[in-house]
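Below, in structure tokens: the form predicted on its own, a single chain.
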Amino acid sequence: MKLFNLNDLSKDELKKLFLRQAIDNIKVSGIVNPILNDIKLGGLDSVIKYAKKFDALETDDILVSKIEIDNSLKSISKSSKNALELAYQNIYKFHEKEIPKSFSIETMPGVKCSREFRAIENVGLYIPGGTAVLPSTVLMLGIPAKIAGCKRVVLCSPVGKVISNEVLYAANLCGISEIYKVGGAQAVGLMSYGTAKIEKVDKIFGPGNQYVTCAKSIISIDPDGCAIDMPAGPSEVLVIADETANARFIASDLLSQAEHGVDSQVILLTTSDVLAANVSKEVEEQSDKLERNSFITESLKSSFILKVNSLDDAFELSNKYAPEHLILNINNAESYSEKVINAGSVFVGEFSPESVGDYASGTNHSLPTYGYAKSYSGVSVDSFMKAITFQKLSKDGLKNIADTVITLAEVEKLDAHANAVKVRLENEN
């Protein structure tokens, strides 16, 4: 990995160093827009056309049958089954605590206001399936949807001839049975626009490549489309480490994220020159032994190690970068948690690798990337819900608040607003 020293960099050089890989939105949208427009007009036939072209689909039936689901439940290995079930239990335990609480308050005599939560009725889950099968993402999205109480949950994933036993088993754990063998922008189009036989969803969740991300952005501002969970970009991790850290541990964390794809970015900020050199050496040695070395090699081209003067420098840079994953591999790491302002998910201490959060610790791995952790949270139960406010006024309550409402309505020259109160008061006389 490339090594830099904070003292050797100008402000412009430092800013350039932390830049994420640019996505050619014009080029990508030029490919995605025609696909979405075609699906909007052509419906299922267009979906199938693109699924055959891009997903290697070999059938006109994109719905995963009950027989396929039943067979997967029988065919999955015992070790995979046990792993998925343990992950399910931990993720469920954590997310169950996220259920938002309704409340009611009397803001003044006779004026009662309340806030209540309702599940989004129809949601769509996108599960990537290009270079890796991701049953963990099924759990990360399916469990909070189940806890929230969503009536209908649709799952789309590019699978070609067959869908993996692990993905179907994870879906079954989450109570999901409406599963389609479709990926990419065509899956986003299917879920957001629907077809004559497949009802559209109200919100789409899940990560994906640049085409999926672009498609989600487009349908989120299309009146015929639907909402999305969050903007997203390539995966990333930032590690803050001091001289007490284990170089092997850090290298393994950096590589575990770099293997996601060629556009992933991994960063180490450290106060130790010795550690920086050792981590760079470990990254080279460990990566040679990994199957996805070709992805890692490309990812490391936009990744780096930066020697900083202090941990305060490291946290300042990290908060500006707002990483998807932040690892604190420093002495007494927990005492630094308050310094974290912008991050998707934080892994505290040397025995908290990022991979545990990806799979089974309990927290969600569907997180804001590309700097969006400055303003977005990761997926949670309330992502699958929306809040509705209520107000109920008694006759005396309306009288108590009437002058205020009438005055403000007249200030804004909205006479009809004022009149809605006045006619009720006049009716009392």
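So that there is no doubt, residue numbering starts at 1 and follows the sequence shown. Treat the numbers as computed from the prediction; the structure is a model and nothing was measured.
There is another form of this protein, the form predicted in complex with a further copy of the same chain, and it is not shown here; the text below is about that form.
- In summary, among the residues 195, 210, 272, 220, the only one with a non-hydrogen atom within 4.5 Å of a further copy of the same chain in the predicted bound form is 220.
- Among the residues 162, 277, 86, 73, the one placing a heavy atom within 4.5 Å of a further copy of the same chain in the predicted bound form is 86.
- When a further copy of the same chain is considered in the predicted bound form, residue 318 lies well away from it, no heavy atom lying within 4.5 Å.
- Residue contact check for residue 281: none of its heavy atoms lie within 4.5 Å of a further copy of the same chain in the predicted bound form.
- Within this chain, residue 347 lines the site of a further copy of the same chain in the predicted bound form, having a heavy atom no more than 4.5 Å away.
- Under a 4.5 angstroms non-hydrogen atom cutoff, a further copy of the same chain in the predicted bound form lacks residue 8 among its neighbouring residues.
- Contact with a further copy of the same chain, judged by heavy atoms within 4.5 Å in the predicted bound form, is confined among 118-126, 142-150, 298-306, 172-180 to 118-126.
- Contacts between stretch 281-319 and a further copy of the same chain, counted in the predicted bound form as any heavy atom lying within 4.5 Å, involve 286, 289, 290, 291, 292, listed in sequence order.
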